[in-house]
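Just the one chain here, the form predicted alone, laid out as structure tokens.
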Amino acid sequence: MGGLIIAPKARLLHGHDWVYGTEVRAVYGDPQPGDVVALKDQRDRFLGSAIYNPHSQIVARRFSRRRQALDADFFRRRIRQAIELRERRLPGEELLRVVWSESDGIPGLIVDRYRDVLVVQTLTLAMHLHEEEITAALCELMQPRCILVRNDSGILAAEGLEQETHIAHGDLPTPFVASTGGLKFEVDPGHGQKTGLYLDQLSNYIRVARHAAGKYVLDCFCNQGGFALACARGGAGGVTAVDISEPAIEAVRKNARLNDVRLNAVEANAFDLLKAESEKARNGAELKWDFIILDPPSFTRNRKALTGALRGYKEIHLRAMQMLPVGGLLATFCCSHHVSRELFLQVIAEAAVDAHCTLRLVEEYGQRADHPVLLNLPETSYLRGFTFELAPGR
């Protein structure tokens, strides 16, 4: 086994599992991209086994503190452990992230379950090279009707991989209905966002909707309408769901019919709508909504884009606050680990100052339990959400 000698101040020595190129002092044994390598410090002390890719900014990702090969037994054991964790935390769920990369000790592997269909992403070179063992383990442990490998993420380029989609097992079904939290969704794993749905938000749909009874709700960046559907089911006085994507809005309408609820689904740019409606409100127009939900896609995939992302977050929050009455509610989410909880709250507070309003925290949210957070890997904590009430001015 080849290996890497790690620099004295590398984050690996403080508990993190990633090694960047700048943290490598030496490479020995001629490891090849995708190989398992040993990690050692400068005193030749063993630090663990990692997957290796010198073409990636993260050249090594530790997956064990022992000497460990990526073999069939490894994948069966780790995937079984991941399944058992979900069975404890979210028993009986039809929609579920079964394996989530580093959080389950398998860096770069994502497995999502939609009833008896599995959607797999292999986002590191090592996982890509071991697709056969992964598929065999999933078939043995879960007996799926179909396994779809959907490697269509832009982050594959960092690993030197091409985007591709193919069937690894069975036959891909036509779109079907799955349920969670009392809501029904039409699932099309081959064409939906991410691997089909945003599974990390499923529990938050119900929690946010508990505040919606009797309120007029605007759900911005609605995707397939999870928040809008839950609020309509929760007794909202009216619901408007907005997304720039025509297929997303069509999905909202289908899901509304499945759930026997009424809502208004609008194909529009949420930025433009917020700007137009906030200007009307500032000019004295009657306020249309008393509960606004902001759940945009990530505005930043890297730190270089952070400044622009923060401007975007501030703008949509300012606009939303200008559209709400005193006592109105604002539920807002950020899904980028580059934007910390503190930074996100700072942006919201700055928008509140500019909107001349006072916010009262009602509830705080995170990602669902099938997206577990590791204390030593802050990158596994990425979804932040809050509901605020516009309090009377002071």
Ligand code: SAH
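Counting begins at 1, following the sequence as shown. Given the structure is predicted, the values throughout are model-derived calculations rather than measurements.
Keep in mind the form predicted together with this ligand is missing from the figure; the text below concerns it.
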* Structure fact -> in the predicted complex, the residue from A72, L287, I244, I206 with a non-hydrogen atom within 4.5 Å of this ligand is I244
* Asked: So which of Q121, N223, S101, S278 reaches within 4.5 angstroms of this ligand in the predicted complex, heavy atom to heavy atom?
  -> N223
* Structure fact -> In contact with this ligand in the predicted complex (heavy atoms, 4.5 Å), from 103 to 111, 136 to 144, 197 to 205, 156 to 164, is stretch 197 to 205
* Asked: Should A270 be counted as a contact of this ligand in the predicted complex, where contact means heavy atoms within 4.5 Å?
  -> yes
* To do: Indicate whether this ligand has at least one heavy atom within 4.5 Å of a heavy atom of F291 in the predicted complex.
  => no
* this ligand contact at P296 in the predicted complex, heavy atom, 4.5 Å -> yes
* Asked: So which residues in 1 to 39, when you check this ligand in the predicted complex, have a heavy atom no farther than 4.5 Å from it?
  -> none
